[in-house]
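First comes one chain, alone, set out as structure tokens in the form predicted on its own.
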């Protein structure tokens, strides 16, 4: 790595002596060093400081040691640090001083969290942690018993265990979730945050065994509800390296909150196909559709099913996540290959912030017959949600329809999502959702639910006279 990295302006300090050196980045936490002006030092030599000049600033990185290594370019070896360890890559490339041990600065704050946690909740969490580890050890022991069998036999045995002991284990989780809801239902927002944080710290190793829970908690793309999480929910299957992991993964993706996500995909499919049949029965004039915060847009694959369908629709897919748009493009490509037809689709890598700042959105994106957003509004505060909704209404053609999804306050999976998955939403009532319209005169407005009662939809139909 150091051959390609630029030299770093540095000096080593030994007592009151400044030692000029040629240094280069060799790893994130070490530097290759070559001594100048005839200086030489043995393996293990220690220095009181390393002074680096970067972007006009001199930074002292503290005590360090030389580790000699054979090197064909004349470098004496590596410099490693004895006390404070810094992310040298970020220091050189971003001019940011980031200590490896910086997370320990928050230890007092993290430890103080438990002082705000109610004793009853601590007892509940402690008992649950114990119980889950007992289950884990039992399932892991069973996995060991048949580990030497052929893969097909292992799969069959594992499914038999899932269909028997796994079912009973899921009932155990259901009971513990009901107990959790009874305990935290009356908490205020600050109490939910402190108790949820404590809960996840106690159960962290259990949480990480399940691929779905792991992703919702770690949020590798920086937010909950990314396209990979959606794919796991749509799949509604067993994932994981062990029987216990698979059971822990399957339970949340089978819960009513996840079923509501699957249901809304069906709802949108049926609505778009219905509008298409009504407004464009011949398929001569493609129905213009906009999906906001589209994610992987799996519903497009549901809508475009026959060889005649590609010509009936003109999709615009918008998302702030380029990875999600690429996944959507991959899915649509599979549809095109299967049907041997071209789906008309445009991809917009845009954000809510951009949307709100654009004065003439119809002039930029055009107008649409059908605009929908299935999950975006679950993350928007009321002022932002109202602003976005106002922008989307302006994109409707006369007679056009808009459908906005939002989880209802009665979501039975709420505390599962918040405490186990670290997945917090803005819940609304029917009146809350309608209030976002700020009147919307001249439009037909209604609210309806999916069959779980978890997913709520705001449906606005623009009058032909608009």
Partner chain sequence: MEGSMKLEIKPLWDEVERVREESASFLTSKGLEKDAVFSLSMVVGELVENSIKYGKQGDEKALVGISLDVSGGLVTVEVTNLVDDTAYAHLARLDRTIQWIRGFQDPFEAYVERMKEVARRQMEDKESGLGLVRIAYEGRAILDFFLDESEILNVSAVLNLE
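Residue numbers count along the first chain shown, from 1. What you see is a predicted model; the values in this text were computed from it and never measured.
Beyond the structure shown, there is the form predicted in complex with the partner chain, which is absent from this document and is the topic of what follows.
Asks: Since the chain is shown here on its own, which stretch among 205-213, 296-304, 110-118, 158-166 would lie within 4.5 Å of the partner chain in the predicted bound form, judged by heavy atoms?
Replies: One stretch meets the cut-off, namely 110-118.
Asks: For the three residues 103, 192 and 422, which mark the spot I'm curious about, does each lie within 4.5 Å of the partner chain in the predicted bound form through at least one heavy atom?
Replies: Judged in the predicted bound form, 103, 192 and 422 all sit within 4.5 Å of the partner chain.
Asks: Can you work out which of 351, 133, 126, 323 has a heavy atom no more than 4.5 Å from the partner chain in the predicted bound form?
Replies: After the contact test, the surviving option is 351.
Asks: Could you work out which of 122, 239, 266, 201 is the residue within 4.5 angstroms of the partner chain in the predicted bound form, going by heavy atoms?
Replies: Looking at 122, 239, 266, 201 one by one, just 201 meets the 4.5 Å heavy-atom criterion.
Asks: Looking in the predicted bound form, any heavy atom of residue 69 within 4.5 Å of the partner chain?
Replies: No.
Asks: Does residue 154 make contact with the partner chain in the predicted bound form, using a 4.5 Å heavy atom cut-off?
Replies: Although the partner chain is absent here, residue 154 would stay clear of it in the predicted bound form, with no heavy atoms inside 4.5 Å.
Asks: With the partner left out of view, is residue 196 within 4.5 angstroms of the partner chain in the predicted bound form by any non-hydrogen atom?
Replies: Result yes; residue 196 sits at the interface with the partner chain in the predicted bound form.
Asks: I'd like to check something about residue 329: if you look in the predicted bound form, is any of its heavy atoms closer than or equal to 4.5 Å to a heavy atom of the partner chain?
Replies: No - in the predicted bound form, heavy atoms of residue 329 and the partner chain never come within 4.5 Å of each other.
Asks: Given a 4.5 Å distance limit between heavy atoms, list every residue of 33-63 close to the partner chain in the predicted bound form, or none if there are none.
Replies: Stretch hits, in order: 57, 58, 59, 60, 61, 62.
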